[in-house]
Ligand code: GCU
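The form predicted on its own is given below as one chain in structure tokens.
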């Protein structure tokens, strides 16, 4: 990396750390109330009302107005499994899986790093989407691990940038410690969703068009809908393996993949828990919030993530849904929302208000939902809506992973 670029990134990180802290006092409550009448559907008063009437309406509303309807990707088939010999993985068995989706002629494949505790049987499993591809998740980027640099984001293509990325975005930004996670009793599956739809404004549109050949461009699903579906494809590929417990599969995502993780769990009830870290606008944070990234900014830069309808709402948010309802669709399953207090672009206060707004849906099922009352230092891992914050900005740290495992211990090992 050029010294000037490294210095610029360091300055940007410093400026982010000095941003004004999020403030609940200036952040409005979630609206509309999650149990109130919606599109002619009467107010919800019971769990049965929610499950049979309201949840289907909300799922359709989010797919119509924010994400688009996910295309059918085809049944996953595990074509190959290769055992990897890696350093610093403890006693874990680490494999590389090649997964094909549907007809071989379509050439739709993605690769997963699958790590399991030694001798695992029916272990809880964490399924993760990665930002920089699976090779970057392994220290030293061993050649045995698959990588297609052409579909990776620019900063991810060179190993020489890894130290700088970790300084800015945290030690665990590329992936967790396999030894730590498997040593805690969890199996781990990591993949890069960009193998199916690249995380790139030039490469994504033709990939999305190929997946939806009969859908007009102004109605196509965005990348987030496809990435959410890939979590379910990974579930289908992984859970026949007796090492993994299908009833204890958690879906994990950071930033854009935190958005996809929430959507995946809202659409697929098989996921037992969700960790959505710093998912921001279009994720856990309210679209009507006045802080952080605006809809116009996110759709101008990353419009391919969403349905075109979301961009059309940017000037004046006129949709009758907001992200607290997406979180509520996961009820009563546990959700952990993580934030950095200096990550104002991701709008921590808007995410906290969304968790508050989703809580009445959790209470229908006998859950207390969110019990935290403040943004800072109020982590209650046993809550079904758990709120985690730390100092610092956007990224993934060792402290984050300590909290993630505490949350999963409380819900998947209880």
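Small disclaimer: the values here were computed from a predicted structure and weren't measured. Positions refer to the first chain, counted from 1.
What follows is about the form predicted together with the ligand, which we do not show.
The candidate site formed by 335, 362 and 407 is entirely out of contact with the ligand in the predicted complex, as no residue has a non-hydrogen atom within 4.5 angstroms of it. 345 is the sole member of 345, 388, 62, 50 with a non-hydrogen atom within 4.5 Å of the ligand in the predicted complex. Of the candidates 108, 256, 248, 172, 256 is the one whose heavy atoms come within 4.5 Å of the ligand in the predicted complex; the others do not.
Contact annotation for residue 208: none of its heavy atoms lies within 4.5 Å of the ligand in the predicted complex. At a distance threshold of 4.5 angstroms between non-hydrogen atoms, residue 285 is out of contact with the ligand in the predicted complex.
Contact check for residue 323: every heavy atom lies farther than 4.5 Å from the ligand in the predicted complex. Taking the partner from the other structure, the ligand in the predicted complex has a heavy atom within 4.5 Å of a heavy atom of residue 302. The chain is drawn here without the ligand; in the predicted complex, the stretch among 152-160, 323-331, 290-298, 180-188 whose residues come within 4.5 Å of it by any heavy atom is 290-298. Along 125-141, one residue reaches a heavy atom to within 4.5 Å of the ligand in the predicted complex: 131.
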